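The form predicted alone is given below as one chain in structure tokens.
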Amino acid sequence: MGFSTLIDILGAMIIGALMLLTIKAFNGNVSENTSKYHSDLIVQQNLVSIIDLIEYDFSRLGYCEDPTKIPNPENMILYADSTAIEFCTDLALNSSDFRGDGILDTLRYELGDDVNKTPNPNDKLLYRFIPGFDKDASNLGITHFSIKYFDNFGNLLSHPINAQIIASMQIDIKVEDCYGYDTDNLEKEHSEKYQTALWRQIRLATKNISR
């Protein structure tokens, strides 16, 4: 075996190693892109789910099937804070019958504590419940939920909020993937690990609280 033959073998080994590295990198990129696509889809679906529920509930703020029980506009919102709100409504009888039973209910939304069972350190529970009963919540990857309140002149209300003069609201929601991709990679930023979606409802003013 001559010297030139050894050079050829060495060259072939180097080229082969480079090809293997290229294939490995390609497979890694495909795997990451596929994971991010599915992660983004889940985030979008979760965001749509929570938005549909919030828009539906808030559109029924102050509603009651029995008109004699509809509260005065200034008494429809019972509590208001940047991460919680409690208001009067008449909850739907079931998913197929959106009419209420004519009994005025109290519904509360409240941002809870961090969810410690997922890799994402920022996801929290958003509770939706009737005060006095068990809290109902699902982990949809919500990492931010906030409400701003405005009076009928459009002025931002400061805390503590006077619920009797609320005329409109701004709701912000941020949803992230709970499990992310390559979460153990310390070189990646938080935004590179967890797909994110934002939603903002500007000046939500339901017909029942218009003043």
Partner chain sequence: MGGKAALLLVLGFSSILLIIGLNFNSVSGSAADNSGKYFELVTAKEIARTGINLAASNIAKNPGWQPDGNPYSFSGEENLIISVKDTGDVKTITAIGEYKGITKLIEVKVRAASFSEFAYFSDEEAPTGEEIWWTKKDSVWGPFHTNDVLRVSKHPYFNGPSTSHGGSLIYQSDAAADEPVIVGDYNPGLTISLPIDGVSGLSTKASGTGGYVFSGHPEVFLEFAGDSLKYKFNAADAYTTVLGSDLSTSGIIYVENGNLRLQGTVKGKWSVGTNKSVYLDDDIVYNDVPDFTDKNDPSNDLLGILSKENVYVTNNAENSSDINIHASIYVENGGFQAEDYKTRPVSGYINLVGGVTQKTRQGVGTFNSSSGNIESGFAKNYRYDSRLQRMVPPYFPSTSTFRILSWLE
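Rigid core: the largest C-alpha set superposing within 1.5 Å between the two forms. Positions refer to the first chain, counted from 1. Worth saying up front: this structure is predicted, and the values here are computed from it rather than measured.
The following text describes the form predicted together with the partner chain, which does not appear among the structures shown.
Distance criterion of 4.5 Å from any heavy atom to the partner chain in the predicted complex singles out 74 from the list 74, 114, 136, 101. Taking a 4.5 Å heavy atom cutoff to the partner chain in the predicted complex, the contact residue among 25, 13, 198, 19 is 19.
Among residues of the shown chain, residue 30 is one whose heavy atoms approach the partner chain to within 4.5 Å in the predicted complex. By the criterion of a heavy atom within 4.5 Å, residue 185 is excluded from the residues contacting the partner chain in the predicted complex. Using a 4.5 Å cutoff between non-hydrogen atoms, residue 156 does not count as a contact of the partner chain in the predicted complex. Among residues of the shown chain, residue 165 is one whose heavy atoms approach the partner chain to within 4.5 Å in the predicted complex. In summary, the region of this chain contacting the partner chain in the predicted complex, judged by heavy atoms within 4.5 Å and restricted to 79-87, 114-122, 137-145, 92-100, corresponds to 92-100. In the predicted complex, 41, 44, 45, 48, 51, 52 are the residues of 39-53 with at least one heavy atom within 4.5 Å of the partner chain, listed from first to last. Annotation for residue 191: C-alpha shift under 2 angstroms between this form and the one not shown, rigid core superposed.
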